[in-house]
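Next up is one chain by itself, shown in structure tokens, the form predicted alone.
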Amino acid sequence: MSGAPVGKVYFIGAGPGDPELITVKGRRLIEEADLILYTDSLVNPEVLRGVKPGARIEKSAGMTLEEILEMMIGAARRGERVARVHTGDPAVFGAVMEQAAELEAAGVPWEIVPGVSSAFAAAAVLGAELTVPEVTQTVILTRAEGRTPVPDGEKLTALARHRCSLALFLSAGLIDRVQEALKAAGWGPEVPVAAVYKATWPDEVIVRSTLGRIAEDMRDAGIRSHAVILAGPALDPGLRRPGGPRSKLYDKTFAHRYRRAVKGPGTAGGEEP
């Protein structure tokens, strides 16, 4: 085996559920892979269509980290290409670093291929923009504290005091705590909150609500897991109206390197500094 070529492991973001919401590169690497390990509890198996003859497909939901690593390292040392397929985008709650650290220690090359996060898929199905001018320009991706603690300074109440858009992962079963934390941060009961169960899947469920009612509405809908919770003033559907908040990007009075401003009464028409 000395001098034999070492294969490579690709951590591939499969997207939120819709099999068309995977990158062209991600799909190509799955089709070329010799070994495919996918998180079967979350990843739509339709993204595995088109694998090459003889490719081995393994479900990882029931495996331990050690079992997954043994399989990946063994395949790579045989010179094989490995597709480690994660839900959404591997950079967000993907448990990638603990795998990558062991691959590096074993001398196995690896690469991350980004995917569409379920947070942004949820925003898409809601028809929402999370960074609305004059409302908020910040999005916080986080989770409620449960069995897994959060670092000091990242308690949900502290983060919510920014009054920006919040995208909460792994928190559907903790919605009562979420509600209490946002109220403690000074959010009123009328602030828009939505929960999207399995965004972009055929059995997707959308709950549009408010902070005052979200826990009750999610229970009524039977949502306890596999949901992203989005909260904040940017979710207000009333913002989607003619004459509502606008960015400067397409404002005729705002100049930049690609467009001259239209001068008018009270407008300078100069270039952006």
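These figures come from a predicted structure and were not determined experimentally. Numbering starts at 1 and runs along the sequence shown.
FYI, the form predicted together with a small molecule isn't displayed, but the following is about it.
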(request) Please run the contact check for Arg208 against the small molecule in the predicted complex: heavy atoms, 4.5 angstroms, yes or no? (result) no
(message) Quick check on Ile68: any heavy atom within 4.5 Å of the small molecule in the predicted complex?
(response) no
(request) May I ask you to check whether Met72 falls inside a 4.5 Å heavy atom distance of the small molecule in the predicted complex? (result) no
(request) Although the small molecule is absent from this view, report whether Val139 comes within 4.5 Å of it in the predicted complex, heavy atoms only. (result) no
(request) Spot the stretch among 97-105, 169-177, 127-135, 155-163 with residues whose non-hydrogen atoms come within 4.5 Å of the small molecule in the predicted complex. (result) 169-177
(request) Heavy atom within 4.5 Å of the small molecule in the predicted complex: which of Leu42, Ala215, Leu29, Ala221 fits that? Just give me the one. (result) Leu42
(request) Let me know the one among Val82, Val196, Val85, Val193 whose heavy atoms come within 4.5 Å of the small molecule in the predicted complex, would you? (result) Val196
